[in-house]
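Consider the single chain below, provided in structure tokens and representing the form predicted alone.
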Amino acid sequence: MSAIGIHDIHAATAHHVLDLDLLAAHRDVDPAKYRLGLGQDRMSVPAPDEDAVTMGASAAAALLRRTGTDGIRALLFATESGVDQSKAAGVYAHRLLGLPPQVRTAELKQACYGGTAALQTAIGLVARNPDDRVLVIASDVARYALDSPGEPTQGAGAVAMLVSADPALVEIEPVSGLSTADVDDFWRPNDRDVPVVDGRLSVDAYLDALTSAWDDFRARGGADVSRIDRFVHHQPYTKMARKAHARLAEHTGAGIGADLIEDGLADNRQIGNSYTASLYLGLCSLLRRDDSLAGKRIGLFSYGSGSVSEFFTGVVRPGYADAMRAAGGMDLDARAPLDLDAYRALHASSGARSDDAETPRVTTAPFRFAGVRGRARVYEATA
């Protein structure tokens, strides 16, 4: 069987940005609590006419301009910021992207792990029909209650990946280590706009899931830690990824230095948590910043609260650096800054709604949420 993996990848984020120094001043805390304690500098904040659908479609549109749509037989949309309890977010994206009718479309959910569930499902579909390609979109808005402990870890972002045989960027290796445990560390009931979080339990559950998935990975013949050249861990905030890497070093007794994760943390520091997209934003960040990865093995750890986790590896393909340079990346400096009052007003006005209403035109991204008409959500291109 030929190699299967990520042929192309593109990331997108929201229109607005909030500097966490402003939030620290409002809460009368030292900014170092966020910059060092969490490892976060800024967070993306969606405009009123943005959501997981618009960000995901924007990321995918940029990718499809390079790759075209020929051979795409499935669109898998991973999110925990779903906009409907029945209709998949991917169905909205399917129309916005102009995909043909002959595309299997579904939404996947398991907290932040959903993006990896979509990726592995895509690999299985391509293995069955190697001429097919699968579009995977992971897109989320991480939103917590105002003045809550989770507020400074908020963020928003999306990653689109085209999965194919003979990929141009990263071959995903077949061995995975898995771990599932019923843990109430983070969840969002149907009647809440923000999650219920036990922060201390969530840290412990994440680290326990990492060692459990790693042990399964090794038991199934996965590469020894000494044969992994870089690591990307799920990043609810970048300090959590640092804790994960330290735990893996302790667990394996290996000298895997912090320098092996640094390039994968850069974008998350500026965007904040993006749930299902987080791991793959880290992968984008690494591939764009390190030109020396051809032939190198990357270890990837995916965690979704509740909890499901997976450790797997990918080998970077020759020519990836040229492809990433040609594709370009997000212009994080183009986001519109928010002052604290504007941010809090925007936060208070966001959340699920189904009554008919028009949405103000704010975003300059390719797609926007226009509002609700006849109790149905309406999305449109901005140009």
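One-based numbering along the sequence shown. Note that this is a predicted model, so its numbers are computed, not measured.
What comes next is about the form predicted together with a small molecule, which does not appear here.
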### Summary
Only one of 158 to 166, 141 to 149, 211 to 219, 85 to 93 has residues with a heavy atom within 4.5 Å of the small molecule in the predicted bound form, and that stretch is 141 to 149
### Query
Taking 4.5 angstroms as the cut-off for heavy atoms, does R325 touch the small molecule in the predicted bound form?
no
### is_contact(G37, the small molecule) in the predicted bound form, heavy atom dist at most 4.5 Å
yes
### Message
I'd like to know if K243 sits close to the small molecule in the predicted bound form, meaning any non-hydrogen atom pair within 4.5 angstroms.
### Response
yes
### Query
Would L119 sit within 4.5 Å of the small molecule in the predicted bound form, counting heavy atoms only?
no
### Task
Consider the chain as shown here, without its partner, and state which of T313, S81, S202, T238 has a heavy atom within 4.5 Å of the small molecule in the predicted bound form.
S202
#### Entry: in the predicted bound form, the one of C112, L135, I271, C284 near the small molecule [non-hydrogen atom within 4.5 angstroms]
C112
